[in-house]
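Have a look below at one chain only, the form predicted on its own, in structure tokens format.
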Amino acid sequence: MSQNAAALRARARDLDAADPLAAYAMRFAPGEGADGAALVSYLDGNSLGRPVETVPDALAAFARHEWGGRLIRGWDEGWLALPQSLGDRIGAACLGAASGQTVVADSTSVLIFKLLRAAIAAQSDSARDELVILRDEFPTDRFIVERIAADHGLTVRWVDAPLEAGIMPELAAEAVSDRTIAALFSGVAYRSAWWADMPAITRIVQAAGALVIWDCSHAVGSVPMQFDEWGVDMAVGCSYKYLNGGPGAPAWSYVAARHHAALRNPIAGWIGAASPFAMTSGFEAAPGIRALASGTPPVLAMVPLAEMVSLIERAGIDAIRAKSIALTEYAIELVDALIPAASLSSPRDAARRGGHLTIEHPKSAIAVERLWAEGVIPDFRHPSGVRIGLSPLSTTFAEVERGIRALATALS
């Protein structure tokens, strides 16, 4: 091992020794590598977070005592209220949101559809006919905006941003106008990890008389947000990345209380009704955030999510953010030292960087395929990006060092 390599490895040991959140890494499933061997390095926590170690027991206990024991009585004893109570916990721990504004329901895609349709329904100015979104936004966001625009005879106002960045205040100011109904932007960009200036952009969109919807799938659980303080209108995010809810975990949505009276859910299901068990002939929306719900709550799927929310509450989002900055800064240090032929398409400024990095290299695709076979799990993003997702509570600095050293070898 070279002197430089030894120094980088020693630095990882020192960083782990000084990490106040180090003990949390032992509270997650370690994962398996090839042929059942131990996983060498998991660098994809922003795509699918590891399960909290208590999840198997929590699921078994729920199946045995809650589902198996209480049976249908469980609905009245707490299950029906779970989407809102768990939503309140996510709001308090991660979003800076007072209670009664966040609900767990559906998938991210379905909730984005609901919020966009609700924004259109709430707009009384017939001259407004545009939806604003980045041209390189996450595919599902773009697809839904395009389909809704086509169905309603609206125009999509595309915004071009640098691939290594994302939406910026000046770009938002150029895009919105008196024709804008709503703008849909990512709080943290899925490709570059650009953390948008959410308060400034929110003010700009609102000054144009429009609503802003934030997709916080790559932000929630990794960066601290203050929705109430920032005046955010609406937001949505998945729960299987930094919230570690597991594959297909239900998403969450935030709607500021000031919009509740005008909130019109386009999918008027029974759980969103004022009296779900009245079985009346007409639909009357429930008061508050429950109006955004539609079908039966995914109670079983919320069990793993609740286990991770408990850890976030205990650790604190500010401490999690500090660890995230330290992890990504160390990863950048390793990339600069070990992979000089690569370029970084993520912000070097920590104030604008979320919890992951994208490294550009022409051999990325074949390198990632090789690494997966070796028990090192990063993520490939077309056309030439290796995405490194560092989940603060479950990732150690030593794991980052092993993974990026293996990536350097694979790329060479």
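Residue numbers run from 1 along the displayed sequence. These numbers were taken from a predicted model, which means no experiment stands behind them.
Heads up, the form predicted together with a small molecule isn't pictured, but that's what we're talking about next.
The small molecule is not drawn, but in the model of the complex it has a heavy atom within 4.5 Å of residue 138. At least one heavy atom of residue 218 is located within 4.5 Å of the small molecule in the model of the complex. Looking at residue 244, you'd find every heavy atom of it more than 4.5 angstroms from the small molecule in the model of the complex. Remark: residue 330 does not count among the residues lining the small molecule in the model of the complex, judged by a heavy atom distance of 4.5 Å or less. Residues within 4.5 angstroms of the small molecule in the model of the complex, judged by any non-hydrogen atom, belong to 209-217 and to none of the other stretches in 209-217, 78-86, 260-268, 122-130. For the options 226, 177, 310, 109, the residue carrying a heavy atom within 4.5 angstroms of the small molecule in the model of the complex is 109.
The partner is absent here; in the model of the complex, the one residue of 101, 186, 192, 324 having a heavy atom within 4.5 Å of the small molecule is 186.
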